[in-house]
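One chain is shown next in structure tokens, namely the form predicted on its own.
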């Protein structure tokens, strides 16, 4: 399945804002919300995630069709990486210590910001690297 890369950047902008607010406030509830958004994107696909639906309903009709699309697997993998960092952050904020929550959230924020500002999806790049290193016939 193909996805509109503009939708991924839109989602990254929202994610960047949410994670920045989490860092400023230390809100585990807001981080849990973002973890849920990541989980929906992993389970249902990035087009059916809350931010993907918001893009499809409000933004894409104003932009028109994309000039190019991209495979959905790399952004979906990136959402799984974001979910892992968000869950680690939740463990930090709720059980281990604020330092772990801040560190995990900061790493997720950095990745989201790079995608939002420069179109560099670190999770997508990780996925592609893993595909290159995986023997033929096996997928990560």
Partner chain sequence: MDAGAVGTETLAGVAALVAVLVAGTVFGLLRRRLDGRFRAVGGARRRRPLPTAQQSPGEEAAGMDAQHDGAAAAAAHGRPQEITGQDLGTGLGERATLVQFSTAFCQPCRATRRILAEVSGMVDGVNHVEIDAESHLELVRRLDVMRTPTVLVLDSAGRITRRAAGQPRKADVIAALGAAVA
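Small disclaimer: the values here were computed from a predicted structure and weren't measured. The term rigid core refers to the maximal set of C-alpha atoms that superpose within 1.5 Å between the two forms. Numbering follows the first chain given and starts at 1.
Separately, the form predicted together with the partner chain exists; it is not shown, and the next lines address it.
For the residues 91, 39, 114, 28, the 4.5 Å heavy atom test against the partner chain in the predicted complex is passed only by 114.
Partner proximity in the predicted complex, defined as non-hydrogen atoms within 4.5 angstroms of the partner chain, places exactly one of 57-65, 81-89, 43-51, 105-113 at the interface: 105-113. Using a 4.5 Å cutoff between non-hydrogen atoms, residue 124 counts as a contact of the partner chain in the predicted complex. Not displayed here, the partner chain is approached by residue 23 to within 4.5 Å at the level of heavy atoms in the predicted complex. For residue 77, a non-hydrogen atom is located within 4.5 Å of the partner chain in the predicted complex, even though that partner is not displayed. When contacts are judged by a 4.5 Å heavy atom cut-off, residue 73 counts as touching the partner chain in the predicted complex. For residue 126, the Cα coordinates differ by 2 angstroms or more between the shown form and the other one after the core has been superposed. Relative to the shown form, the CA atoms of residue 129 and residue 103 are brought 3 Å or more closer together in the predicted complex.
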